[in-house]
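Shown next as structure tokens: one chain only, the form predicted alone.
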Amino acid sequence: MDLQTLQHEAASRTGLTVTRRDVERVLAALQRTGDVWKVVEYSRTPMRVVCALLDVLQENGGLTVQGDQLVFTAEGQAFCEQQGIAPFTTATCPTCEGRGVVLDLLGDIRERFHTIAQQRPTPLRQFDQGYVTPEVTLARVAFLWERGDLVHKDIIVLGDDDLVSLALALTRRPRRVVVLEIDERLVRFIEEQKAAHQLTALEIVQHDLREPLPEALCGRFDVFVTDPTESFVGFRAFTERGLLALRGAGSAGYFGLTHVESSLKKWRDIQRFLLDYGLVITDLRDGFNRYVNWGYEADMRSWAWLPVKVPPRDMWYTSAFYRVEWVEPQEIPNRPFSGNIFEDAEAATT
């Protein structure tokens, strides 16, 4: 067993690009935890690659399963030591949990939003839903505020199982907040909360983002916020809708991007797409978003890959939070996206 063999075997089994560093990250995570879901989180490597490497390690006698835990054999531990691979470590700030923002400026909005969030509809797999914790949604709002993208701004939210639109509107600082959402349960819920809290700046539109952006919304906003599905075509669909909604130079966009379902190669392709459209990445906060376990894990395509079939006990799915700003606006096609935009070779949670 050697790093190159592990790398090549995982690449062969998945058809994905696998680097030496991917292997090292998985081995480092395994030295920190035997929980397969946390190995995925700590390794910052696509879930499909992680599971393939776990299989190869077991077949080569470096890893075994004890109950619901992954455990290095003596051979596996010795291999890590020989390769100089240390356990995964973290230096995350305990106050902000690595997000770089605190929520003091939100005042009593925090308590009100927590109450609202407890009543939200459960996630649906058909829409690739999975929502972040209430504190993460509030941190997003605080981040927009700090960056000058909240007060007296027109903001569009594209898909909203995280209830960002409600948190934004509760501040009563934006001039206008429009949310586009396909799920009629969420549309009804947001409308009910708008009425209950008299959020006059909030508008709700039921819309499938695979369809062109309504012309009345094109070029009318200062900021877009979205948490796109992570196939490249799905990411492009959500982001192009956001860009179509923006006014032009100086407008900003916010979105999430994981390591679980997006390799660094896909990150590069996405960043190139952003640059080609005249955008610059002003902020990238890795691990900013933490998602509540959505309850349909056993129905995900990645369940079959797992060497240990056990539901997650703790939150494990995280994503980076990007801010982009339009420097040189390009023409954006307002086209439909047909078919399944949710899956690609790296998709794990669909």
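Worth saying up front: this structure is predicted, and the values here are computed from it rather than measured. Start at 1 with the first residue shown and count on from there.
Separately, the form predicted together with another copy of the chain exists; it is not shown, and the next lines address it.
Only one of 149-157, 164-172, 189-197, 119-127 lies within 4.5 Å of another copy of the chain in the predicted complex by heavy atoms, and it is 149-157. Judged against another copy of the chain in the predicted complex with a 4.5 angstroms heavy atom cut-off, the residues T95, L264 and W267 are in contact without exception. Exactly one listed residue, out of D35, E41, E297, E325, brings a non-hydrogen atom to within 4.5 Å of another copy of the chain in the predicted complex: E325. Though another copy of the chain is absent from this view, in the predicted complex it lies within 4.5 Å of a heavy atom of just one residue from L217, I109, I182, L275, which is L275. Contact check for P212: every heavy atom lies farther than 4.5 Å from another copy of the chain in the predicted complex. Although the partner is absent here, A74 sits far enough away that none of its heavy atoms falls within 4.5 Å of another copy of the chain in the predicted complex. Although the partner is absent from this view, A86 contacts another copy of the chain in the predicted complex, with a non-hydrogen atom inside 4.5 angstroms.
A residue is said to contact a partner when one of its heavy atoms sits within 4.5 Å of a partner heavy atom; V102 meets this definition for another copy of the chain in the predicted complex. In sequence order, A252, L264, K265, W267, R268, Q271, R272, L275, D276, G278, L279, V280, I281, T282, D283, L284, R285, D286 are the residues of 251-290 having a heavy atom within 4.5 Å of another copy of the chain in the predicted complex; the partner itself is omitted from this view.
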